[in-house]
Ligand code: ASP
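The chain below stands alone and is given as structure tokens, in the form predicted on its own.
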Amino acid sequence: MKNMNRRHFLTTTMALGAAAPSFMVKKSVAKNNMPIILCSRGEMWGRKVLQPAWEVLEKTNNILDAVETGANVVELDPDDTSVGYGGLPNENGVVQLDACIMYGPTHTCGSVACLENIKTPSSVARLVMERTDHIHLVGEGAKRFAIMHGFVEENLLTDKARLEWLKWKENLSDKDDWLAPVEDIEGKQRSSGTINVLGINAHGEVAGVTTTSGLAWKIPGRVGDSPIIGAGLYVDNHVGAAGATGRGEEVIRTCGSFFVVERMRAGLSPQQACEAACQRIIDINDPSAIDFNVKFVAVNLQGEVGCASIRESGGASPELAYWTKSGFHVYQGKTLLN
């Protein structure tokens, strides 16, 4: 009995020691800066994504509903060619989607990869989290699971994405039988766009979503970082949340989003943690040979945000957008390489 009491005392004391600072932070956050919801894009898409997400959060305080609502905005928009419906396809002209979701209070998560013919993979990922004891469903199994839960199969390849795929295919080689169109080729840069939606509600509950159509013209079956917990997304109710976009293979091999959260746990600000994750990728590569980009976004329990990328994108520094009780804001981040 004494041993059991001592063990219980030590376990309880250790748990309280780890949790006390976070609990104290949560109280001040809920009183002052919370709630907050952010996405990994700037002004235009930020408003589109965050306004409906904020409305859900303000009305219900359900952080999972809020981040899912924000992610669905991009997934359902055919004008975006890097996420969901309208996303650029793989090398065979097939759109394959990846997404994950994570909930801080229970540390539960769900994800799908190589999902075809379903417009909102983040919503399917949430069902994987809530209705199964699995974390990751892929390919045909993920699609069957979605259909079983009422999702409707639809063609995800829009005319806009199909024409971009054809232009890519026609310009692969001057030795094949495909002829390039007369007009200039648009979008020579391989798209690898993604979106992260992260949030903390008034009770300090953290959640996040990462969703993408992946690298344009990828080998069928390729899975990037977006559906990988700890790579494209990680949240912790005692620390905050982080997400990644860009070259998924680099994020996977550095456990990027987990790395950001752990740096914040160690005392770094979200900005410092995002920069540290970018530097980690630079350090394991030859900086002069880096021809890719990676971007991290993060938020901590004080409502501080951070954003960093390896390089500029389209001649611009990295940005994120966020919404609080004071309204809509755009945060300018930092690049590490010129």
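Every value quoted in this text rests on a predicted model; they were computed, and no experiment measured them. Residues carry their position along the shown sequence, with the first being 1.
Omitted from view is the form predicted together with this ligand, to which the following refers.
The partner is absent here, but in the model of the complex a heavy atom of 193, alone among 204, 193, 86, 230, sits within 4.5 Å of this ligand. This chain lacks the partner; the member of 238, 222, 162, 169 within 4.5 angstroms of this ligand in the model of the complex by a non-hydrogen atom is 222. In short, of 210-218, 126-134, 106-114, 255-263 it is 210-218 that has heavy atoms within 4.5 Å of this ligand in the model of the complex.
For residue 122, no non-hydrogen atom is located within 4.5 Å of this ligand in the model of the complex, even though that partner is not displayed. At least one heavy atom of residue 247 is located within 4.5 Å of this ligand in the model of the complex.
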